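Given next, in structure tokens, is a single chain: the form predicted on its own.
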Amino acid sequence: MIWYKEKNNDDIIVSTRIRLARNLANYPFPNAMTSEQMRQASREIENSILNSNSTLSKSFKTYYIKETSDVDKQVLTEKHLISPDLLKKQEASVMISDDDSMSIMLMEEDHIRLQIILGGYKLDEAYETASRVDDVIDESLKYAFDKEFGYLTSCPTNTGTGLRASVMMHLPALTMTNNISRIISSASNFGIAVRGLYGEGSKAYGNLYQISNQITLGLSEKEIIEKVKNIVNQIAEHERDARKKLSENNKDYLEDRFYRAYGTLKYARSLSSQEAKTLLSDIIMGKNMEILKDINSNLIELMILAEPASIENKAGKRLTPDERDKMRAEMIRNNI
């Protein structure tokens, strides 16, 4: 099941992602490959999975970037199944599992970007799954690996384990109290990056932040995951403390803000993507703090489905910005 549909009882942690970067030993890195080399390497990787004896062999649908519509490509990005960088590579492709929990990007920055994304706080479970898939590929293909440096990658910051462990967190109280900058700075001192909704270079619309390791060399996979867990747990505790203080000192303000957000979403006839995320974030916080009651909608799912390409995909045609805003408002009204 795709991550935003999974039942999640955590009021702060939204999803978990494990990503492994790998390259084949007998090819140059993607930025130095010819189109034919990219196609050949992609075929070898696909065959290593689809022709394996594992249960993975019949679990994927492959999307070839140059054959996929712009709307479909953007929908995959909005669902976090592919990276924005993959869209820049005409010979790139992605294998996505039937349940949307796994995506294997081919010919992005590295030959293989294997990603497991799950709803909730499941770093260990996600890593175990990624490791099993990694072993399946490794059985028939030779990775670029050095005894001293580990897995070799196009960008030196991924060399070593090639592992990025990340957790998406909803941090409205820390943002509201202007403490998020301090949290970001503090995490950076421990080799942890705090980024926006779509990773590096993106903004934290909807108060959604991705927390991930910056260091892949010199630590084992287990050590990296434990470090991320430690920081995530600390940030979650700071968020809970910030919510408690807001509730004690500014309850009238919070109630007014949350009910205004609810009223806008319930009755608005036009909503921009950014406005929808901001208001849905308030509703999520109000629901989690038990100020807003009787809201049973999956609000994170609404936030993702309210993205521009997802709206156009639902409509089945290209829309003007005004048409998207009207359809977004209608979709949210019908689901709040």
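Remember, predicted model here, so these are calculated numbers, not experimental data. Residue numbers here begin at 1 and follow the sequence given.
FYI, the form predicted together with another copy of the chain isn't displayed, but the following is about it.
E46: touches another copy of the chain in the predicted bound form, heavy atom cutoff 4.5 angstroms: No, E46 is distant from the partner.
is_contact(G263, another copy of the chain) in the predicted bound form, heavy atom dist at most 4.5 Å: It does: once another copy of the chain is placed as it appears in the predicted bound form, G263 has a heavy atom within 4.5 Å of it.
Test of understanding: in the predicted bound form, would E275 fall inside 4.5 Å of another copy of the chain by heavy atoms? Because a heavy atom of E275 falls inside 4.5 Å of another copy of the chain in the predicted bound form, the answer is yes.
In the predicted bound form, is there a heavy atom of another copy of the chain that lies within 4.5 Å of any heavy atom of D256, even though the partner is absent here? Output for D256 is yes: heavy atoms within 4.5 Å of another copy of the chain.
Taking 4.5 Å between heavy atoms as the contact cutoff, choose which of A268, M289, I304, M38 touches another copy of the chain in the predicted bound form. In short, A268.
Pick from 247 to 255, 90 to 98, 173 to 181, 125 to 133: which stretch has non-hydrogen atoms within 4.5 Å of another copy of the chain in the predicted bound form? Contact criterion met by 247 to 255 only.
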